[in-house]
Each structure stands twice: as C-alpha cells, then as structure tokens.
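Only one chain is shown below, in structure tokens, and it's the form predicted alone.
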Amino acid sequence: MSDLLERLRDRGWRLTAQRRVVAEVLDGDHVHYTADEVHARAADRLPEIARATVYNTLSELVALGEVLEVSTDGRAKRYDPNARHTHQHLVCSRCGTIRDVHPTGDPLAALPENERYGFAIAEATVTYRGVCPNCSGS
C-alpha cells in the first residue's frame, strides 16, 4: 500500500474507488502532476472517473494537508503527495519538470534579522530553477 493511502486510512478517510485511484496515481517519488494529468492516469485505471471527482478529491487532499498544491511561474497547479517531509523544489524553466530536493541548512536562518522587519517568520519556501538534462541535451 502506498504511503499516501496508508496516511488516508490512518485518518479514517472514506476510500471510495475514485478516491483510491486518485491516491494511487499520486503515489511515488517526485510526483507533481497537474489535475488533468491525474485525471488521465486515473481514467486509465478507472475509465468512468469524472474530471470533477478528480478535482474535488485533489481539493480535499490539499485541505487535509496530505497533498501540497504547487504553483510555479504561472503554469498549471501541480499536486505533490510529499506533504509530510520538509523539502524544496527544483523546477526546469523550459519544460516545467519539478523535482523534490532536500538542501542542507535552514532557509529561515539564512534571512538576517535586519531583513525580517519585525515579522515572526513561520516558514520559508525556496524554489531552485534551472534547465533539466532532457531540455539541455545532456
């Protein structure tokens, strides 16, 4: 059973066939699908699944904190099931591929006190940008 499915079962979330297939599609490392990509993959497994069901399920998973909604550079929102482990994202500026990365150090500590302007900072999100090997030809 996938990590996401286990977490949802532990919460007592009702796993209908539709919800289960959406969770299965989201399972894996470096998964960052758009809602349409989730729907297409879910429909391969469960042809009768409606696009609205996928969107509603993704919204519920985000509201539960089990999936992160990732937006980069005005592109379509993507959904990241790696909500339990602190990480940042590496984004290809050409094709939009997203990879989870785990840099060393604390990004909160990197902001000097005089640049905090009295804010009580709770979190920092860092996005690394570059060109992936597929787009660079390497």
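Numbers for residues come from their place in the sequence shown, where the first is 1. Given the structure is predicted, the values throughout are model-derived calculations rather than measurements.
From this point on, the text means the form predicted together with another copy of the chain, which you will not see here.
With the partner omitted here, the residue from 43, 31, 35, 91 that has a non-hydrogen atom within 4.5 angstroms of another copy of the chain in the model of the complex is 91. Residue heavy atoms within 4.5 Å of another copy of the chain in the model of the complex occur in exactly one stretch of 35-43, 52-60, 91-99, 22-30, and that stretch is 91-99.
Looking at residue 112, you'd find a heavy atom of it within 4.5 angstroms of another copy of the chain in the model of the complex. The closest heavy atom approach of residue 12 to another copy of the chain in the model of the complex falls outside 4.5 Å.
In the model of the complex, none of the heavy atoms of residue 65 sits within 4.5 Å of a heavy atom of another copy of the chain. Among heavy atoms of residue 17, none comes within 4.5 Å of another copy of the chain in the model of the complex. Residues 71, 73, 74, 77 are the members of 66-88 with a non-hydrogen atom no more than 4.5 angstroms from another copy of the chain in the model of the complex.
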